[in-house]
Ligand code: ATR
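This document opens with one chain alone, in structure tokens, the form predicted on its own.
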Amino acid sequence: MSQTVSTAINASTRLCAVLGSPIRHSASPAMHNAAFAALGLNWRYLAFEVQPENLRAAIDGAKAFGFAGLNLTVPHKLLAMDMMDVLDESAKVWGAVNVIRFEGRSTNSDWLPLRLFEKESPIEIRSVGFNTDADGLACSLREDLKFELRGKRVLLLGAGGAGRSIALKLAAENVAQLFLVNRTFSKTLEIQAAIRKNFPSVHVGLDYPQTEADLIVNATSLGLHQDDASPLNEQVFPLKPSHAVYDIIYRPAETKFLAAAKKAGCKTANGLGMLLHQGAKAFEIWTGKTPPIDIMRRALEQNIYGH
């Protein structure tokens, strides 16, 4: 799909961006810029490499420049929780921020998205943190793996920002058992405590399951680089054809972990669907418009798969 730009960049162009480290793999600019063009919006979406120690300064900078909003990716989703002026209920429930909308206070004291300030300037600007990752994963599991979560046994690898929101979403979807594996054990303890408090019917284990799992989800960044180790210790928990395997990484389109799962006969999917659905919700949060899902999907497929 060839992307056409609706208008030239000018002084009225609205800006959004994704912040992360690493960031060069991101397909979010392709997805959002295609959506902006399709709806004739004078908006642009950028990507910036931002180290964790510079995250607060980067968010403050985007606020000062009048950005409409931001996406946050690895490793910023947990860090940003304490940097927001306001947390939307989605960020509070799922425990991480992957979308920021900047809002301005008007002369009548109402807080409004910055996109609504066309002639007047806001008196002040605030950041509002949202989470669209959790719902994005659930949508992708249903679409791409035809997988329903209720009553299932799930092994989740990773307990960072994405891992935390995914774990809580899995619990909210009434999985029967959830097994958490992470390099930093304290993070799994925190997630276990949150699930026990909010979803007491879900059993949470802090190691590999002793029996089988219906679904394995990789929520770590292992696989972004060719020389990364596998997120799964197959000596402890070998892949079997009965497993459905989901990797939230989408570039490379097939990580070594997904390739191994496919070779073992597992049904597999990468994170393109999760990226699509979290991005579509972010688009709606920023612009107030219905996202052109099909156009966004085609832009992602062309960017990631080359077709």
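Note that residue numbering follows the sequence shown and begins at 1. Keep in mind the model is a prediction, meaning the values are calculated, not measured.
The form predicted together with the named molecule is left out here; the points below concern that form.
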{"item": "Listed residue that, although the named molecule is not shown, lies within 4.5 Å of it in the model of the complex (heavy atoms), from L145, A194, L222, V128", "value": "L222"}
{"item": "Option touching the named molecule, based on a heavy atom within 4.5 Å in the model of the complex, out of T184, S201, S121, T107", "value": "T184"}
{"item": "Proximity of P75 to the named molecule in the model of the complex, heavy atoms at 4.5 Å", "value": "yes"}
{"item": "A159 within 4.5 Å of the named molecule in the model of the complex, heavy atoms", "value": "yes"}
{"item": "Distance check, G163 to the named molecule in the model of the complex, heavy atom within 4.5 Å", "value": "yes"}
{"item": "Residue stretch of 208-216, 87-95, 233-241, 175-183 approaching the named molecule in the model of the complex, non-hydrogen atom distance within 4.5 Å", "value": "175-183"}
